[in-house]
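Given next, in structure tokens, is a single chain: the form predicted alone.
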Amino acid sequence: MKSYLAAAIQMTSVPDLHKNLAQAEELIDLAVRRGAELVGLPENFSFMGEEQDKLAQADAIARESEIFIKKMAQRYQVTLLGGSFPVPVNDTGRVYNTTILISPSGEELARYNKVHLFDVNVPDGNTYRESSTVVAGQQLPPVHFSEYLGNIGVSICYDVRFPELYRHLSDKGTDIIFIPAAFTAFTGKDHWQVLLQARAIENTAYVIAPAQTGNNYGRRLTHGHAVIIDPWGTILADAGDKPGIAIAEINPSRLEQVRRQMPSLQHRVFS
């Protein structure tokens, strides 16, 4: 594993596939021009809109999102996490919430269907029922083992509240954890940063958390603050509340230092 720059992209995705893809390309281009070799897009990067509109366009969104991610990875010669996008599930009328990790040659390195679905009554008066349109994944997230970038684990948004999923990634040897999200503005102000820092600290791993921000559609407001966090829990970069990027160094020496100084994973009594 070498030292390199990683970028977490922050977007305000809307109910317009092609507008979102254009915004994503601009931000990927910005990240690469600043030297990033590992780049992540946020959850629902290619479409955020009403559920019925998402389902009606799901075939096109899935097809064009995957083509786009592979094309961007090849064009810019980066390893790219495709945030997440809907993938139709057979004839169920529903979709998976799927993320894919793509190599600079356009090869799929990892694929994960979100396991934990956001069915929550938020105190701001909004109710979310992700399970009404999304089928929960049945497999724990994979780890991609890279000699150059480190071992990369993936997850999606609401997963961050379930530490057992990240302990699975840690047990598999993860060095870098992706958590692309579209965190609500209401929950984000209290929980986003502290949950991400906890996942980094307890697993002594880097966390890269791309994010949605602002008013995506209707009353759907997202928190922003795409961040990169080191294994000590230090926030290395924060994209604030506007579209942009958080970019920071992933340093294997820092990883080794923290794991040596705080070897908590070796001290586990229960597993």
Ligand SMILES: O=C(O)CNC(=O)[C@H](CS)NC(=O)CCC(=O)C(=O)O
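Keep in mind that what you see is a predicted model, and the values were worked out from it rather than measured. We number the residues from 1 along the sequence you see.
Below, we refer to the form predicted together with the named molecule, which is not included among the displayed structures.
J.: Counting any non-hydrogen atom inside 4.5 Å, which residue from F118, Y112, Y166, Y96 sits next to the named molecule in the model of the complex?
T.: The residue in contact is F118.
J.: Though the named molecule is not shown, can you say which of I28, A58, A36, M48 has a heavy atom within 4.5 Å of it in the model of the complex?
T.: Exactly one residue meets the criterion: M48.
J.: Using a 4.5 Å heavy atom cut-off, which of 197-205, 122-130, 144-152, 169-177 contacts the named molecule in the model of the complex?
T.: Residues of 122-130 come within 4.5 Å of the partner.
J.: How about C157: is it within 4.5 Å of the named molecule in the model of the complex, going by heavy atoms?
T.: Result yes; C157 sits at the interface with the named molecule in the model of the complex.
J.: Heavy atom to heavy atom, is R220 within 4.5 Å of the named molecule in the model of the complex?
T.: So R220 counts as contacting the named molecule.
J.: Answer with yes or no whether F85 is in contact with the named molecule in the model of the complex, where contact means some heavy atom within 4.5 Å.
T.: Answer no; every heavy atom of F85 is more than 4.5 Å from the named molecule in the model of the complex.
J.: Decide whether T187 counts as a contact residue for the named molecule in the model of the complex under a heavy atom distance cut-off of 4.5 Å.
T.: So T187 counts as contacting the named molecule.
J.: Identify whether the named molecule in the model of the complex is within 4.5 Å of every residue in the set N44, R161 and F183, based on non-hydrogen atoms.
T.: All three within 4.5 Å in the model of the complex.
J.: Heavy atom within 4.5 Å of the named molecule in the model of the complex: which residues of 256-271 qualify?
T.: The stretch does not touch the partner at all.
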